[in-house]
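What follows is a pair of forms of the same protein chain, given separately as structure tokens and numbered structure 1 and structure 2.
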Structure 1
């Protein structure tokens, strides 16, 4: 069982960077960094994460898993924890977009950034970072993000209490990563499929560095890789190969 130690910051460049600094200084598993604002918030693929003061949940947690834990599924498990916390505290029926985004009516509400540190062949730590848009109106987002991003304020129709959601996320995170620790990775994959924005057989499009691929969503492999049936046959992609993912326009 994790014993959480919470460090609260008014502002920082990135809660993941702050958590990594503490992890390198031997902070125990369960060390948590939460900030009111991030000036250099990061998402996957090197993208920025819009993190204005007082309108979102920006939190990172230090974990110290064993080397044989399915690290490729950790972002998915953390995303599921955030999804469950959102639905539990707000009643909003949010979905998951592969591999670890939280979405509502096609708009992204939040995402996960996991990073790890190795010493030789030993895994020293893993950082689970989560960003969730809580209380932004549409005009609060930069113009280029408005078609893509949404907030729980918009979804729930009222102000979201950050502390309630934060507490729920920490509770759900431990439950979400338990299948990985207990060597039951298929539980994470099955849970993701239950809450996936894309259903089996739906038309999807993925963008890779070499171009776009469209086909039918066939499911996930045990390591979280996605399977797509295309006119040329089945193709499989890991998350690091994908630049963007989404349902194909209908």
Structure 2
């Protein structure tokens, strides 16, 4: 059972940085940082997460999982928690894009940035960060993001209450990481498949460092590897070699 302690900030560079700073100073599991805006919101690989004041949910949670959880599935589990919270509070059946993005009609509404700290073989902390676009209109997004990004306001057709969604997310996060702690990682993968933007049998493209391979989506293994059927036979990609994976451009 996680006891959440919530730290509310008007502004910060990144809620993940704030949570990480606290985690490194021994903050307990369940320490939560939520901010009205992020001036340097981060995504993976140094990319930015557009985080204007008052229109999004920017939250990071400190977790201290046991060493032997399937840690690499944490981002997927966190993404599923955000997805569930969105559907529960807005009724919009948003989808997942591998491994942890929340999408609606092909546009990205939110994403997850999970970070951990390890020393030797000891896990010191894990941070689950979530950024969700709530009440932006199309013109609120920078022009280059407009074809790619959407908000829940657009998806649900009404103003989204941040606090309701925030509370739902914290509840869903605890439920979503339970299968990892209880060593049922395949539950996470199956839940992902139920809500995946790319369905089984769809034409997908897997990008790796050495290029893209297209084929029919055959499934995900419990370790997160992807199986696709190509004209040359079945191909399996282990999660660590996948740069991205999604519906092939039509």
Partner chain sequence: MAPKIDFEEINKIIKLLEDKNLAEFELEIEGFKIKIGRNYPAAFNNRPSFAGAGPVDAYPAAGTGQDSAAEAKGESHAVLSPMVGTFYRAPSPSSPPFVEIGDVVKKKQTLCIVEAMKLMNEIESDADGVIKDIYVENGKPVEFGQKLFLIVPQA
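For clarity, a rigid core is taken as the largest C-alpha set superposing within 1.5 Å between two forms. Bear in mind the structure is a predicted one, so any value in this text is a computation, not a measurement. Residue numbers count along the first chain shown, from 1.
S.K.: Go through 1 and 2 and tell me the one that is the form predicted in complex with the partner chain.
M.R.: It is the second structure that is the form predicted in complex with the partner chain.
S.K.: Aligning on the rigid core, do we see the C-alpha of residue 43 shift 2 angstroms or more between structure 1 and structure 2?
M.R.: It does not, since the residue 43 C-alpha is displaced less than 2 Å between structure 1 and structure 2 after the core fit.
S.K.: Establish whether a shift of 2 Å or more occurs at the C-alpha of residue 23 between structure 1 and structure 2, with the two forms superposed on the rigid core.
M.R.: It does not reach a 2 Å shift.
S.K.: Rigid core superposed, CA of residue 9 - does it shift 2 Å or more between structure 1 and structure 2?
M.R.: Stays below the 2 Å threshold, so no.
S.K.: Where the core is superposed, what shift in Å does the CA of residue 231 undergo between structure 1 and structure 2?
M.R.: Core-aligned C-alpha shift comes out at 3.2 Å.
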